[in-house]
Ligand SMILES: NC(=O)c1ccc[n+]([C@@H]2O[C@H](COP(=O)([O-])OP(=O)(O)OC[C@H]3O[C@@H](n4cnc5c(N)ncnc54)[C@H](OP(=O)(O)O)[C@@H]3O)[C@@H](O)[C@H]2O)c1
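Given as structure tokens, the chain that follows is alone and in the form predicted on its own.
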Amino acid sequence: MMKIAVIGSGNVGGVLARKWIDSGHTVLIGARFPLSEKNMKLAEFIGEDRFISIEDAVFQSEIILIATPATSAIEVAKSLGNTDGKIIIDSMNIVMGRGPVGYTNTTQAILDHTNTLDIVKCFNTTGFNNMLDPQYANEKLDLFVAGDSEKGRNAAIQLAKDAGFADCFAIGGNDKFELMEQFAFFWINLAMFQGQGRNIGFKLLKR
């Protein structure tokens, strides 16, 4: 079982925290204001004792999920403290230009402002509703991961399966961070702008 710090207790962070707790992982929520009104809603499901400062959550964990607004990517990365030996999973996306200044993807921004190289991008290519329930009829949705770190990719793949997805496919290294965000926007475009709704998802089929 893994020790995970979730930074960001909104829809994505909150759902994945609950899923991973149910799978037996140790999950802490790192926050600037651990017992804020927003966090108390999640605390009703997972307990107040899981909410601590960001730096303490990172110190006690081996894996860090960042699920905050993309505009906060650099600020959050700087707030993590010592990340030596840690894996960081970035689930954020720059949408409509809203992201860290000077970057085309959030993962590179995190990489440039932390001291671990074990950083991957995952859990960004579908909606939180699909993380809550990835089952469609007789099939489960798939996820995707990008990053140079084999250690990070393997952890993300396992955590995707533990969250209920069928599989998680590696699509390449750090040079594919931007492609992952483009794929996320493809889902957003279909779901929001083309009127398909949030109950759509991707499945890799083989023969």
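This one's a predicted model, so the numbers in the text were calculated from it and none came from an experiment. So that there is no doubt, residue numbering starts at 1 and follows the sequence shown.
The protein also exists as the form predicted in complex with the named molecule; that form is not presented, and the subsequent description refers to it.
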message = Can you tell me if Gly201 lies within 4.5 angstroms of the named molecule in the model of the complex, counting non-hydrogen atoms only?
response = no
ask   = Taking heavy atoms only, is Ile87 within 4.5 angstroms of the named molecule in the model of the complex?
value = no
key: Contact of Gly10 with the named molecule in the model of the complex (heavy atom, 4.5 Å)   = yes
inquiry  = Residue-level contact is defined here as any heavy atom of the residue lying within 4.5 Å of the named molecule in the model of the complex; does Lys38 satisfy this criterion?
reply    = yes
The named molecule in the model of the complex: contacted by all of Glu75, Asn93 and Phe128, heavy atom 4.5 Å = yes
ask   = Where, among 165 to 173, 134 to 142, 150 to 158, 66 to 74, do residues come within 4.5 Å of the named molecule in the model of the complex by heavy atom distance?
value = 66 to 74
query = Of Val27, Ile46, Met180, Ile54, which one comes within 4.5 Å of the named molecule in the model of the complex, counting heavy atoms only?
reply = Ile54
